[in-house]
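Here we start with a single chain on its own, the form predicted alone, put down as structure tokens.
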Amino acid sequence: MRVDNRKYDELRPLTITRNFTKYSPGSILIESGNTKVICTASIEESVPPHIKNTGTGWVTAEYSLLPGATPTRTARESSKGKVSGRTHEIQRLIGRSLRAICDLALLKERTIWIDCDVIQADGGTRTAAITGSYVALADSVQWLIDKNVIKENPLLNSVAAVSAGIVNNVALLDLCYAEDATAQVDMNFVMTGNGKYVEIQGTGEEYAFDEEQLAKMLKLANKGICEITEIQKKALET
């Protein structure tokens, strides 16, 4: 029995609320169980130096765990004067995941920033951030099209993410914090809506896993991404 009474292959309840804030062309609240993340999209008419004057756009992300998101206050990284290694790694993952499904040339020389702010954390914040960021990105792209700023949709596919792991020798889908904290294996899967892999992150926590266990986690992740993709589609239709 899982801590929240889910089946081994069952996602946490997942909801996506669009137009969550007033000023961003794309803003959503994603709730995955008790994990809640606000994803907002902002558009800048400039690009990073490495692609300046190439006619190509850019999509990137920033990620932040807000102080009250966890039982013990997490200090703002701005007060420390630097971004932690974990934060840097997560926001680079989000950016890579979004760029994987974009034809950046169709954005022209502009940048879409996706800011992911975790307001409540109960495991899976990076996967929720990726899943929500796609919807915020899709809304911002549609805003550009509606304003006749761009002519063609640069999104080639959708993208979503989910975790899977081994807990007490059992493969589980979509780990909450209590499961993640005791997991023998913790993996994150980023996949497109048509079932292709963008990135797989996996770690054995003082435990080695075999090919059979990996296959079970891959199967769970595929099932989860298919379900998440449908939730994304329905959210964008409302």
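Note that the structure is a prediction, hence the values are computed from the model and not measured. One-based numbering along the sequence shown.
One more form of this protein, predicted together with a further copy of the same chain, exists but is not displayed; see below.
For the three marked residues, 54, 109 and 142, no heavy atom of any sits within 4.5 Å of a further copy of the same chain in the predicted complex. Of the candidate stretches 162 to 170, 134 to 142, 147 to 155, 92 to 100, only 92 to 100 contains residues with a heavy atom within 4.5 Å of a further copy of the same chain in the predicted complex. Not displayed here, a further copy of the same chain is approached by residue 198 to within 4.5 Å at the level of heavy atoms in the predicted complex. Among residues of the shown chain, residue 214 is one whose heavy atoms approach a further copy of the same chain to within 4.5 Å in the predicted complex. a further copy of the same chain is not shown here, but in the predicted complex it comes within 4.5 Å of a heavy atom of residue 21. In the predicted complex, a further copy of the same chain sits within 4.5 Å of a heavy atom belonging to residue 62. In the predicted complex, a further copy of the same chain lies within 4.5 angstroms of at least one heavy atom of each of the following residues of 104 to 140: 104, 113, 115, 116, 117, 119, 120, 121, 122, in sequence order.
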